[in-house]
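Given as structure tokens, the chain that follows is alone and in the form predicted on its own.
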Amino acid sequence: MLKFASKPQSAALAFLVAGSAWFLIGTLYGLVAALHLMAPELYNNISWLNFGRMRPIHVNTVLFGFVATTLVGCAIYYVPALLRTRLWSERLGWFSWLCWNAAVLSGPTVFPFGLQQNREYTEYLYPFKVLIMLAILTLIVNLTLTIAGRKEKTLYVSVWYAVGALIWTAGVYPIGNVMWRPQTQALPGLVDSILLWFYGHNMVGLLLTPLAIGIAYFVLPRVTRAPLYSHRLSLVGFWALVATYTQIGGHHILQAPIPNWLRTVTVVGSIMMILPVFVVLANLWLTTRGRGMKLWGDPAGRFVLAGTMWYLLVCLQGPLQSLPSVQAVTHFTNWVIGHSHIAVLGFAGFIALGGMWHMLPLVCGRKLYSARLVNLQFGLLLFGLVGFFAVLTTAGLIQGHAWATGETVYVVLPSLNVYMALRAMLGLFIIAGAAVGLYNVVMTLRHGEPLEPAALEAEPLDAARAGEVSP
């Protein structure tokens, strides 16, 4: 076991495999929660199956288990590859993997019994939050020392995004989880909500987003065999993300009596998010101009391209729903749930899967077992998520309009039942996509054809060269 843990790229492989497994587990728990919404008496008051306990398992397992784990696995492969070196310590990478996955495992293990911190995205118990911090800090050490020992002088932008994401999260995570108060892991009064949403939104904006963008900057130039359109634009997008994203979490609590200056800052910051998004997307799409069919024809490239399209939709809808006049109709409704699904699964999740399918052969030295299964997964997830988004957005608008006209909650609920049933049925497509993906990963590791050694040696060098050329 210790010998395997020292094998090059074994830690990256461990993260990718775990991410695929968590995807299936997390979506299955999502189905259990969705069925409870569709049929409240289904579980006959079995406490450990009710929605309030299943939803945190689903959310945390998908966010931390599937998306973040897969993104990190991609990052600890492509950072050394771009730097023409090896990861500083595979064993330290495995230690990070153990800490991270032990924390994720605690969700399905203890949440059903009500053992959780009842704050969004902070539900893990304190010892497991410590494990997450250990994982983040050791990943920072590992990548920083990898950079220090690099053979490649140029720090391609994907490296910036990978390391930046971990450093920012190391700063944000203990603040949002109030880790200096282990007894309560919360603060009294409204300030707790302000800190919570500062953290909660930044888990998407300063962890998932930069890791996903880093993968897109790595995969798209390689698939299309085109140099990055502009290294300068990539750095503008990097710093604009930090400058605009950090303060926008307050738009989740505009309905609360927060200070007026905070309302103004959070709405302005939300609107300003359009800047880094358009810079990043323009840079990526201009890189692939004239090569769209080649990109669409590559199974991994198709996932990443679709993820960038979801990114555009997410970041058009996000600023819109931060406006108080829009929130008067959409807040506290299923509209917001639809938005969060296209952000986590549509944007970050699709790019994570694209990165995994592109890098898995390079990590394990085997060709993909089946490109057709990757395409099947893409179709299942795209159909399920588009339907999911349409259904939840419609249900949210029905809720918002009804409440705006003075109807009470119990009058509105019966009209939502058909949408909750559709939500559960569409979730089956997403679960099927997760199952197909896990099967393909396992079969690739067991039965994938070996890659030629020359191809394995050349691939990282091609990746580095793709980032060195700018017009």
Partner chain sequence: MKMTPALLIIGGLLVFWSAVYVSVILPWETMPDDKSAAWMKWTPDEAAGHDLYIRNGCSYCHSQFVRAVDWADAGAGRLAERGDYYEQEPAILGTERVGPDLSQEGGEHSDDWQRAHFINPRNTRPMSLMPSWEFLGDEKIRQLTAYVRSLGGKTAAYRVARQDKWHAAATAAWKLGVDKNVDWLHEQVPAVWRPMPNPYPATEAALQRGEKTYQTFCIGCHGPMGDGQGPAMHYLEPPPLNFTVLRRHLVDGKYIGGIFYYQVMNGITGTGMPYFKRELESEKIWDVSNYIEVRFLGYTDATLSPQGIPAAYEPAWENTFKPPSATGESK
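All values reported here derive from a predicted model rather than from experimental measurement. Residue numbers count along the first chain shown, from 1.
Beyond what is shown, the protein has a form predicted in complex with its partner chain; the following relates to that form.
Novice: Would you classify Gly292 as touching its partner chain in the predicted bound form, given a 4.5 Å non-hydrogen atom cut-off?
Specialist: No, no contact at 4.5 Å.
Novice: Give a yes/no on whether Ile337 approaches its partner chain to within 4.5 Å in the predicted bound form, heavy atoms considered.
Specialist: It does: once its partner chain is placed as it appears in the predicted bound form, Ile337 has a heavy atom within 4.5 Å of it.
Novice: Considering only heavy atoms, tell me if Gln321 and its partner chain come within 4.5 Å of each other in the predicted bound form.
Specialist: Looking in the predicted bound form, residue contacts with its partner chain do not include Gln321, since no heavy atom lies within 4.5 Å.
Novice: Using a 4.5 angstroms cut-off on non-hydrogen atoms, would Gly297 count as touching its partner chain in the predicted bound form?
Specialist: No, Gly297 stays farther than 4.5 Å from its partner chain in the predicted bound form.
Novice: Between Met272, Ile194, Leu397, Leu286, only one gets a heavy atom within 4.5 angstroms of its partner chain in the predicted bound form; which residue is that?
Specialist: The option sitting close enough to the partner is Ile194.
Novice: Determine which one of 428 to 436, 441 to 449, 402 to 410, 61 to 69 lies within 4.5 Å of its partner chain in the predicted bound form, judging by heavy atom distances; exactly one does.
Specialist: Result of the contact check: 402 to 410.
Novice: Contact check in the predicted bound form: Asn101, Thr109 and Lys367 versus its partner chain, with a cutoff of 4.5 Å between any heavy atoms. Do all three pass?
Specialist: No, the candidate spot makes no contact with its partner chain.
Novice: Counting only heavy atoms, which residues in 168 to 185 are within 4.5 Å of its partner chain in the predicted bound form?
Specialist: Read in sequence order, the residues that approach its partner chain (within 4.5 Å, in the predicted bound form) are Trp168, Gly171, Val172, Ile175, Trp180, Arg181, Thr184.
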